[in-house]
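Structure 1 and structure 2, given next as structure tokens, are two forms of the same protein chain, each shown alone.
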Structure 1
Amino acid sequence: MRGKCAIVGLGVTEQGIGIGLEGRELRARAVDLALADAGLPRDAIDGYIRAHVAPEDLRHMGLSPNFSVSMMTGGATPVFAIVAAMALIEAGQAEVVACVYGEAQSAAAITGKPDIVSYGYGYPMLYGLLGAAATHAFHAQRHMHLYGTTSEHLGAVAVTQRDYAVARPGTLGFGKPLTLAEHQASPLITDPLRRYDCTRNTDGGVAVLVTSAGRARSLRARPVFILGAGTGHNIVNWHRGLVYENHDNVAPAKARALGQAGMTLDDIDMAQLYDPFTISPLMQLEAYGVVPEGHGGPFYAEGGARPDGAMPTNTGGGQLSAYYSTGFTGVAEAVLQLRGQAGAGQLHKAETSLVSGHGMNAGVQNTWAHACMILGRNP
């Protein structure tokens, strides 16, 4: 699999809260930007995957692909979509597949009509357990109990990612530094998660174009090669009675992705991890073996995830401080870093990146899907 396919077009629309655009317009704009980035005509897209449960109305985009698929496994969907795109290309069903997300997430909050059903995570919803914050708080509480992790450690995650976003135009955190004291003073949302431990829903669109490595080399934009990918599901830890100790089932995803890439963690320059809450990247760094179990908090507090740290992580601010695009946030940042287009946030060493996604559930809370990719500047 290593290097057989590449990302050749990236389109990221304006990102924000209440920007006044509908989801389908955001998706159309993202596709337009990705096509311009790749230097491809509209009819080059012969496969389309939407990261959502609803089908896409392709008429307003002027697209006529061989297939249009809707896919949803929460924040793991973008990586799954790219893996599916590779499989379809390898199977001869398409040459250029668009993987697209675009939603006006803040609209429900602005209009006062939130979709309560989408905030349920399995049958505990019947007893009042609602919202991703409440379910992720279980992971945080368990981690604190087992390892002595503190709210200040979670705050170090928030501050680190905000420091990345401060210098990145277009992010929610641009020009808005955050201190640990401000984190600690922010309101408690669901114990132990405070306001700055939580992402905010934003409006925006992201599209990536996937094609074969051979075709990628002939296009305008510098290709970013897909070196390996892997998946895992936390339902296995529910059966084992260990679901809260594990943010995800990372082990099989890590083994498959690194195995396909022929790499080890020592070969990874940065991590772009799905971060709905501060506990999430902290626990993933442990699960991937960047640090031992229980050491994620001190790792962040001591600067390990910063640009000069052992593993620069969520270098554009992540979903906590950049924008929320249900998993495409990390994909987009990895592409920018690997192309050398991250501006003031460009890392000195950016040859490879780990990207993860996380979300949905398997019928009960915290049984999250997990997916990861290894992306590289060279095949």
Structure 2
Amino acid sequence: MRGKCAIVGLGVTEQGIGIGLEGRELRARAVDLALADAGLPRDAIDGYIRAHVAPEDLRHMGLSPNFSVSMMTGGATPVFAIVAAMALIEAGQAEVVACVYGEAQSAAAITGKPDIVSYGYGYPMLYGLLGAAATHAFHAQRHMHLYGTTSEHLGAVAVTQRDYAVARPGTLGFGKPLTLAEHQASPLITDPLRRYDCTRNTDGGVAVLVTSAGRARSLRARPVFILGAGTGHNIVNWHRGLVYENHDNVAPAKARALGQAGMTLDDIDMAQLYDPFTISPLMQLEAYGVVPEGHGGPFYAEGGARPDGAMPTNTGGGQLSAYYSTGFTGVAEAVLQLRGQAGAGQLHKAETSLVSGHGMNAGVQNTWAHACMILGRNP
């Protein structure tokens, strides 16, 4: 590691008491100063870590790590946390990093904590834009306008994922089939999204331990190898005026992840794609090039995402029909499939899986973060 990285820009704003600037403005000015110091253009920054402090879990858990950091990039956090864990291991700062999630969403509902507001951002709330559903409806409406995607296509996503969940004990959809007719009869929540196009908040925790490949081989569980990873942020499509037809900025994430893995899409056996709403996996399959742009609806309707389809997708039922652990759902399912522990839902060919995360925003709705990784049964 020695000498492989360096600090090339430093920005220090005015420091003191009662400066009269808000935190965001101080951060913005520090970035401006650091860019000027480095002599770099604004678009040279291709990664951004906002460091902030959050309460820690360690005492309660009886853990004694060398460090504990919080990270928040919405539903992209699980994948991104695993990428960061790899980097920390490579940097010699840790041998085993725990990436941990646990939320009691339904308890929040009981206490009346208005978590839905957290999905609002700023002025759109003046107009009643609340909840993640409406913002994803913007993507869906635009997709329907551009490509003729229908509510039945979205229903095909819901039914496909439910069929996976029906055979999986422990999921919300276990033993509860859903028909397309039931999807079509479910009430509109935020047009064109119906009840069965939306996930429900669930309670639960997920932890993933990451270690070096060398150490992994000496441990009890069959290792699942991280073959590649990538990130892309939809803010660039906001700046381009294309944020609604792009569910995420997938291109850079895909290129980096496949490049690191030395793979093409043909080498990927399954996809676990972040699915808060039915439109989400549909648009990501297009963005990843599994199907041409606009063909996601027919792909689902024709069974392309089913176990024997061209790309089995969200094979445990996903967040729509299994449980909503904000991005860890797909991570967990990929690990089970690649270990051969997916029970009745085990795919015949399960050597590699694409896993994606999506969420948060960059200061306006629909500017989602995206992170993906390729997991493999073999290194």
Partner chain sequence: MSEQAQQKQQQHRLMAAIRQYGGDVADIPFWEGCEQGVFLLHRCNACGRHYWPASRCVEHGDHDMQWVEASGRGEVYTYTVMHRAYTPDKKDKVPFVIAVVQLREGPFYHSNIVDSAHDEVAIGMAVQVVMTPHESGLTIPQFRPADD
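The first residue in the sequence of structure 1 is number 1, and each one after it adds one. Bear in mind that the values here come from a model prediction, so they are computed numbers and not experimental data. What we label the rigid core is the largest C-alpha set whose atoms superpose within 1.5 Å from one form to the other.
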Matching the form predicted together with the partner chain against both blocks gives structure 2
Rigid core fitted, then: does Ala44 show a CA shift of 2 angstroms or greater between structures 1 and 2? yes
Ser356 C-alpha relocation of at least 2 Å between structures 1 and 2, rigid core basis: no
When the two forms are laid on each other by their rigid core, does Cys372 show a Cα shift of 2 Å or more between structures 1 and 2? no
When the rigid core is overlaid, by how much has the CA of Gly20 moved between structures 1 and 2, in Å to one decimal? 44.4
